[in-house]
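Here's a solo chain for you in structure tokens, the form predicted alone.
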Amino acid sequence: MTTRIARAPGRVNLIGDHTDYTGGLVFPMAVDRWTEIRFEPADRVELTSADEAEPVSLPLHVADPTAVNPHWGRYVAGVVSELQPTTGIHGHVTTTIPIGGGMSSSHALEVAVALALGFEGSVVELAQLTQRAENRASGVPTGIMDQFAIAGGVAGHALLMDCGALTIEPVPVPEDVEIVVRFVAHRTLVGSAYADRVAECAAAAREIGPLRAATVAAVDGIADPVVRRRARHVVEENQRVLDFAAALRSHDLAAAGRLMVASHESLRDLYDTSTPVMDAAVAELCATAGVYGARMTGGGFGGCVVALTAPGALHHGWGVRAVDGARVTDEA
């Protein structure tokens, strides 16, 4: 029996956080840290993990992913529930993506599981299915950015993604820069204020219409000061994504760095998703010679920071490169 490998990369978001669930713009890239499942066909879905003590054993039909134990099995169960496969797998999961580090380890697992279970469809359809799986498994109303980037990565390119139109425009990453990720603090979006932010953006949209099309002037008219701050971040962040893509294309690395810093400051001051330890990490990076800019990356409340640097500027952290999206291959 042939062993196959489902391989899904992690992702780092260079700019554009908390815009995807409002149908806005983001700028992530799939990176060279992977979750892999080595698997064979089976009658059930049975997985062991190099990082988890308890295995996962599931039937081919799961009604409630949140009732599954161990906890990591809920992400697997979410995919099984959405995909409703006709054949299961027996496999082993390994990952080089830091778990709880804000580089989408759970989303990579979901995409890898879907491919291992025989998903056939487009990048958009794979992203949509695994987003639904994530939302059901975690109870957190996350957007589509992570799954979309993991499924649709392009080697050597960051991804200008429109989460409303569901399109990807690859933008080359300049060869004379390094993108460095530094882990700061473990975090989980479950139990965080993430859902509150989604609700606050929905409240803003009810008042002024879709935030992806809103103006700063319209945002200024929002009555509630907290909702107004959230909406201002989203509207201004969408523009920063476009400006950042343009800066990379024109090789204006200083401008790209300034936009990253402005994004972090907005997440800190307007969106309240940063923490003092994350702020300190960004400040330290930005004070380092050769660093163009830095920011927190991911959903917030901990995780990782990402820096755009001259080659060799940083000696601590993970240097990451942009890679292709998830796929299944035969084991060599």
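Numbers for residues come from their place in the sequence shown, where the first is 1. What you see is a predicted model, and the numbers here were worked out from it, not measured in a lab.
Same protein, other form: the form predicted together with a small molecule, not shown, and the subject of what follows.
- Partner proximity in the predicted bound form, defined as non-hydrogen atoms within 4.5 angstroms of the small molecule, places exactly one of 42 to 50, 296 to 304, 281 to 289, 64 to 72 at the interface: 296 to 304.
- This chain lacks the partner; the member of Gly91, Gly152, Gly143, Gly257 within 4.5 angstroms of the small molecule in the predicted bound form by a non-hydrogen atom is Gly143.
- Interface residue remark: Phe119 is not counted as part of the site for the small molecule in the predicted bound form, having no heavy atom within 4.5 Å.
- Using a 4.5 Å cutoff between non-hydrogen atoms, Tyr21 counts as a contact of the small molecule in the predicted bound form.
- Among residues of the shown chain, His107 is one whose heavy atoms approach the small molecule to within 4.5 Å in the predicted bound form.
- The shortest heavy atom separation between Tyr194 and the small molecule in the predicted bound form is within 4.5 Å.
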